[in-house]
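Before any questions on how it binds or moves, here is one chain, the form predicted on its own, in structure tokens.
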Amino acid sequence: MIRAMLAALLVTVAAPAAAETIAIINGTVAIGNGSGPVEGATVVVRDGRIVAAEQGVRVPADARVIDASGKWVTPGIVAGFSRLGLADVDLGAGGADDTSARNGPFSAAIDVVPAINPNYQPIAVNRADGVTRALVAPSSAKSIFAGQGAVIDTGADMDPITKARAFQFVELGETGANDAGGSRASAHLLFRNALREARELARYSPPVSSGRSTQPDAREQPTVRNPNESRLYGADARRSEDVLLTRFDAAALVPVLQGRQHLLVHVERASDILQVIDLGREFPALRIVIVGASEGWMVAPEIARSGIPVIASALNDLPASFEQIASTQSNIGRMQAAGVKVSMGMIDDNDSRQEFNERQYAGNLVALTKVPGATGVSWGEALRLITSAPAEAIGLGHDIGSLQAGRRADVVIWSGDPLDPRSAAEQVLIDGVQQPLQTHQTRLLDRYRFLPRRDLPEAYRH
């Protein structure tokens, strides 16, 4: 009940009209496209979209002006890979973790959208530290296919979905081998078999008359936009006798096979990365994005030539598993230097709760430029890795992730350099709407910070 009341309060606080015109003046502005910060620039927002972000911009007469003197202004952070909104508290508490369907019959057909809870505290905590969007993926359980992920915003409202079913997530490295029975060879065989089942379903499943109309029911088309909506396939929709997927799972892979849905593939080992590149040659319509890639630097030229984007873990530098033996903090810098379209994600790194760490990781990559023998990135590139680059990896760079004109107005005003963990987000806009920055933790701080000694528990009074 208390949480529901707080959620209602947050919605009320965040309710100002998105049609507002806002001018943020005198700040140090970074676009998020790889360019460096510019002092004394102005960001103009109108109707929830960016109008301009540069020096010398005229402030509209009807604008609400925010003076950002001494502050930094950037696009909101886009968490490149996460499980944000799928889990609340830790410790495996029942009812608070929808990251995987351990005992369910489905795999590729799983859609995270019904499970995302915008009232989960990790969303508020990350919003308060400048994270405004996130790619959210399910975890695999009994299959190499984890299901369909979404892009969400962290706004204080009940409508978090930016793009549903944005991608399918599959495990083909060490985790995939375990899910497939114990070997990578089995995982790849399952993957190819699944895509061939999807191809067969798309080819031979005609629309079926519902009996209510002479027009085909759009839900019965195998290429409908949402493969999870209830639909029927005709009794003559032929499939092989040796199918391994449920019909829903096979239907969910049709958009992947046809290149209408991105395919995020988690691999870490260099040889696994090369095998993923080969999948692109066998199934040319696939829109592959490699996730993880701890050993990506070893095959960076091959990745660059393939044109496949990579969402990499930022600072893996220890062999946490046999597939990460060649991990190095220079991984992202070396891939970028080789021409790989790289961005940053949080896979296997507290990906349900601490996406705000990405800005610290990005700052560490900048610091690497000063370490002899290491390969880091420039400040502008580091910000790009956590803003526009992950958006571009899944085809949303035209809509989110930067302060370029026409993008959604996800804007953060920082107390200082956002890649310095000592800086804090002072104001956050999502779609041009000012967001509350209070969290459960800040409310606890307010409640107990100045508690009179007489009100403390006995053990703390002396």
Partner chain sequence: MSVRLIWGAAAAALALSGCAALEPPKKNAPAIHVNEDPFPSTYVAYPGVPTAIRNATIFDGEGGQINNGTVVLADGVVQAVGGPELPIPAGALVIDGTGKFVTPGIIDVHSHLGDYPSPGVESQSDGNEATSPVRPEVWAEHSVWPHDPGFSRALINGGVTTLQILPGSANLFGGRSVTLKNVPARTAQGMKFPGAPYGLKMACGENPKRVYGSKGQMPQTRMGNIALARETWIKAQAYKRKWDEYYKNGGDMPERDLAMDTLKGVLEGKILVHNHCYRADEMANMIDMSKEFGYHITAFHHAVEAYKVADLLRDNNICGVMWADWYGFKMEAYDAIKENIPLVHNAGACAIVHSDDPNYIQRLNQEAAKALADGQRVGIPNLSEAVAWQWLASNPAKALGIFDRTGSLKPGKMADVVLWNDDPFSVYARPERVWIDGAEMYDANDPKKRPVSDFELGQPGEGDVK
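Just so we're clear, the structure is a prediction, and the values are computed from it rather than from any experiment. Note that the rigid core is defined as the largest set of C-alphas that superpose within 1.5 Å between two forms. Residue numbers count along the first chain shown, from 1.
There is another form of the same protein, the form predicted together with the partner chain; it is not shown, and what comes next is about it.
- Taking a 4.5 Å heavy atom cutoff to the partner chain in the predicted bound form, the contact residue among Asn178, Thr246, Gln360, Gln258 is Gln360.
- Residue-level contacts in the predicted bound form: of Asn26, Gln427, Ser423, Asn33, one residue has a heavy atom within 4.5 Å of the partner chain, and it is Ser423.
- Although the partner is absent here, Asp88 is a contact residue: one of its heavy atoms lies within 4.5 angstroms of the partner chain in the predicted bound form.
- Not displayed here, the partner chain is kept clear of Ala19 by more than 4.5 Å at the level of heavy atoms in the predicted bound form.
- Among heavy atoms of Arg454, none comes within 4.5 Å of the partner chain in the predicted bound form.
- In the predicted bound form, the partner chain sits beyond 4.5 Å of every heavy atom of Val44.
- Contact with the partner chain in the predicted bound form, judged as any non-hydrogen atom within 4.5 angstroms, is confined among 385-393, 178-186, 293-301, 105-113 to 293-301.
- Although the partner is absent from the chain shown here, none of Met158, Arg199 and Ile277 has a heavy atom within 4.5 Å of the partner chain in the predicted bound form.
- Residues His440, Gln441, Leu444, Leu445, Tyr448, Arg449 of 436-450 are found to place at least one heavy atom within 4.5 Å of the partner chain in the predicted bound form.
- A movement of the C-alpha atom of Arg443 falling short of 2 angstroms is seen between the shown form and the other one when the two forms are aligned on their rigid core.
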